[in-house]
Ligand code: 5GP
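As a starting point, one isolated chain is supplied in structure tokens, in the form predicted on its own.
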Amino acid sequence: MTIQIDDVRIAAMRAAFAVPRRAVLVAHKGPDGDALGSLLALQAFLLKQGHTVCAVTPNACPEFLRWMPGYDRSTVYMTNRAEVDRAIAEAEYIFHLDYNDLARTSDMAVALSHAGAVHILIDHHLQPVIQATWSFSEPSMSATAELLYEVLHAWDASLIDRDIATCIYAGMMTDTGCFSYNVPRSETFRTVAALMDYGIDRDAVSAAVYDNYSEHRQRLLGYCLSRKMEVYPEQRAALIVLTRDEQLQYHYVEGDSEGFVNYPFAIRGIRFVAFIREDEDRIKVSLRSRGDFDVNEIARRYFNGGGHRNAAGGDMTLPLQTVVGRFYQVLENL
């Protein structure tokens, strides 16, 4: 499944950015490794071309991702709203990275929807609804970062350096669980090989992401597995529900529960896992599956979300027990 990047779109973008431009780059709320890695890689690429760049995340990213090259040049909308709104209003080009719907940018959505800029989408999620002049949407890609690499390589491969390659690799690694799922294309590993040729340190990236947690986070993980995990052998499913009070008990910070949804797969036979977290203003649902079990459809039908066949999620403002009840409805229909 070799992906061909449209030469016409690339040529148009290359021509448009032949002179200095004002660009805003946006990742989704609750940025993960793929969103942040894509954001910072594109930021570095455009800065090397001499453009004015404002790279924005709607809220702060987890602390264990802040080591990425260029993070100190990015901006958080929640703490710099006026500055970012001004940049959006003045932008000539806006890049949407790793999301398919403006709703995933939270409070930024209004400003983005009213912007007079040219919109460019680079994303690997199903069924995009963003109206973009140039759209690079490829769900078969393991990560948006992998798709971005293809775009940048076609745009001007000479500008890709070790820092850009490191951010792209981090995005791919985190969105595939160290390449243990969501890797349908053999070309993904060829991309990894190409990134290694830029001198990236794969061991250091892995350590920075997976060996960089707090003691509180590790104890929270232990609590979730020993006290909160429910297993349903007949449906080959598992559930973890984490309340707001339990988060506070373990001094929860943004990103502490990253990856918790994957741990029940270590149990023989499990093919479907849900992690439901009660946040301050909403309920966050993460769904994972193995094989041909489609959690994207479940996320859309039951949890106001979407994603991929084996990795999806949603945000809801319903009471926690109502959302949990929807999970039990899913079990009844399996």
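Numbers for residues come from their place in the sequence shown, where the first is 1. Just so it is clear, the structure is predicted and the values come from calculations on it, not from any experiment.
Below, we refer to the form predicted together with ligand 5GP, which is not included among the displayed structures.
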| query | finding |
| --- | --- |
| Ala311, heavy atom within 4.5 angstroms of ligand 5GP in the predicted bound form | yes |
| 4.5 Å heavy atom contact, Gly306 to ligand 5GP in the predicted bound form | yes |
| Contact flag, Gln43 vs ligand 5GP in the predicted bound form, heavy atom cut 4.5 Å | no |
| Non-hydrogen atom contact His96 with ligand 5GP in the predicted bound form at 4.5 angstroms | no |
| Ligand 5GP in the predicted bound form: contacted by all of Arg104, His125 and Arg288, heavy atom 4.5 Å | yes |
| Listed range touching ligand 5GP, judged in the predicted bound form by heavy atoms within 4.5 Å, from 266 to 274, 35 to 43, 50 to 58, 298 to 306 | 298 to 306 |
